Ligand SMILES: C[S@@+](CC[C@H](N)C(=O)[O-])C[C@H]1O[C@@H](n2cnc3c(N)ncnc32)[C@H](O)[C@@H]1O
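As a starting point, one isolated chain is supplied in structure tokens, in the form predicted alone.
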Amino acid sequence: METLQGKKSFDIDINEFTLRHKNYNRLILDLGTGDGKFAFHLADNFPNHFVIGLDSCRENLHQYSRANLPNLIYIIANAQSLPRELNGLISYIHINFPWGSLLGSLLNGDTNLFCGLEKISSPQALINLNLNAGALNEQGWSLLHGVDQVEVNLRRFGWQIENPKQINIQALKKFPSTWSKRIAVGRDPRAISLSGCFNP
């Protein structure tokens, strides 16, 4: 499993990974972490939790992956091919304002993604997914229809989802990610949050 610290990558095996996380009471995954700011925020504010930022693009991660927090790790991998080292361990999944292939997989019901999420999830794992109008429009979906489609796919793969919640501009500005602040000042700042638990 490839990890990143600054501009240097390191391969760690399952034994080393287990040593890193075994003393923490919850493993949290920030899937499609982007520049890693949200994962850093979680690890910095919740020292009893072990936080994993995962993304396929290493270039954006150079700044936050330098952080010397014992409960934070950045993994380079595709969302559609999640590392087996995570299987059964993740108790909370965050997906914040996805775009590109990750958003496409959520909309298309990609079995590689959804089966991967099932494999990594611990019993009664939680998920929080924030979707924004601009990214959905690029995929050819309106905000409401796109959110509905993602919700249908989540439910089909065993996730019990609560009623969608609007995210207003003030919440976007306060949200601890670089991308959310760009959305807040963009042409279409509309966004919706989906939350739920895994119960196949």
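Note that the structure is predicted; figures quoted are calculated from it, not measured. Position 1 is the first residue in the sequence shown; the rest follow in order.
Unshown form predicted together with the named molecule; subsequent notes refer to it.
The partner is not drawn, yet in the predicted complex one stretch among 65-73, 165-173, 151-159, 52-60 has residues with heavy atoms inside 4.5 Å of the named molecule: 52-60. Ala77 is the sole member of Leu126, Ala77, Leu86, Leu117 with a non-hydrogen atom lying within 4.5 angstroms of the named molecule in the predicted complex. Contact here is defined as any heavy atom lying within 4.5 Å of the named molecule in the predicted complex, and by that definition each of Phe97, Leu102 and Ser177 is a contact residue. A residue is said to contact a partner when one of its heavy atoms sits within 4.5 Å of a partner heavy atom; Gly34 meets this definition for the named molecule in the predicted complex.
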